[in-house]
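Presented as structure tokens, the chain that follows is alone, the form predicted alone.
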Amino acid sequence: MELAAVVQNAQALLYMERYVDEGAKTYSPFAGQTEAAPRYCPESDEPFFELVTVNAPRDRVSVFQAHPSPGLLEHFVRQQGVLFPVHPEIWANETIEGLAEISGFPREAPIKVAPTASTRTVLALEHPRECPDHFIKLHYPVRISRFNRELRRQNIHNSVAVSRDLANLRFEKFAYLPDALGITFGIDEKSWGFLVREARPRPFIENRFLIPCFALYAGDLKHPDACPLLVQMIARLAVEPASFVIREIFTPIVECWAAAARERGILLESHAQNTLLEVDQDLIPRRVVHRDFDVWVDLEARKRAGLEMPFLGRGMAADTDEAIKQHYSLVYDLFIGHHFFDYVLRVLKSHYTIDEEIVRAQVRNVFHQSFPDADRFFPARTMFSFRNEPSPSLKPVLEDMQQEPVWR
């Protein structure tokens, strides 16, 4: 892909989501695995597929909101009922609980969508003019990468609650795509549904464009000879490679992550799929845009800060201090350091002469300046990851990698 195409906005973003990820999913034995049918995967040549929709009665659903735009809210939550989309592969699965009742509701027009990098999150390709561009994250209980991609009440409630909370995080380089609306069929903890993610970052700034961070270093499936977008950007802006990456990518990621963790107790999973680099019309990086907020929350940190607790489960208040440290390490050392920064550094090394230890040392300095009391929250001299062998309960188990954390 040519870097100049980024300013084509929605179409360019969708192309990067679907096809500029060659070599980006090698960070674990599970990263490239999927049970999703091929036509619903991002790398499919199918330009779109259609979500099945029904008109669900208002009294049969729960609605969660993080200040959605009026047009978005009115599109899904209507006086006569709620527009409820279902992934076609799930619609065909008679074992899905509640589907028999849902299938009896009046059918609505299907929604034409295209998959994004996460497979179960899709971009709505058509919608009413008054409704802004948006993504829909779906209940899709098949195994993609390591996990079964259910979308239950807890996931939906927390994603919306975190989106509301992030409005309080004021940081020049920080922006986010809010999970502004969530709907479940039913009210119990097993109820499932969907999230609507607005495509416009908050706070919004005109004439900005988004690049998924994995697309900065990944190959282009349709143009295998294309140079990585990061290398093209460095050449276009005529900047020194290592200092540019430290200043415009690594430092904002670390500072934003540390601010969210320290000030709000929110452990953003800021790996390369959940972050996007926002650039202006001259393709100069301006902010890092975050997305996907079904994340761990340090409830004790929020309690110390006097913050409200609008979350279900997935808080760490009941865990031991050691377990909390393991989660901090997993999210920063593994998701950000190993799954993201290592890949960027690999591209730098393959195209330029750099001293990788100097790069890491500068990032470590940024980390400790941003998180001066990190020793209270992180394990000393080691890092944690998911165990590769599945547990009998199919729940992820953390294990000590017995490796020095090179990015903190």
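Quick note: we count residues from 1 along the sequence shown, nothing fancier. Since we're looking at a predicted model, the values are computed, not measured.
This next part talks about the form predicted together with a small molecule, which is not shown.
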- [ ] Can you check 72-80, 213-221, 90-98, 321-329 and let me know which stretch has heavy atoms within 4.5 Å of the small molecule in the model of the complex?
- [x] 213-221
Open item on the list: I need to confirm a contact call. Of 153, 120, 134, 287, which residue comes within 4.5 Å of the small molecule in the model of the complex, counting heavy atoms only?
Closed with: 120
Task: Among the candidates 191, 232, 145, 251, the residue which, in the model of the complex, approaches the small molecule to within 4.5 Å (heavy atoms) - done: 145
TODO: Mark residue 158 yes when one of its heavy atoms lies within 4.5 Å of a heavy atom of the small molecule in the model of the complex, and no otherwise.
DONE: no
TODO: Give a yes or no for residue 27: in the model of the complex, does one of its heavy atoms lie within 4.5 Å of a heavy atom belonging to the small molecule?
DONE: yes
- [ ] Although the small molecule is absent from this view, report whether residue 292 comes within 4.5 Å of it in the model of the complex, heavy atoms only.
- [x] yes
- [ ] Considering only heavy atoms, tell me if residue 149 and the small molecule come within 4.5 Å of each other in the model of the complex.
- [x] yes
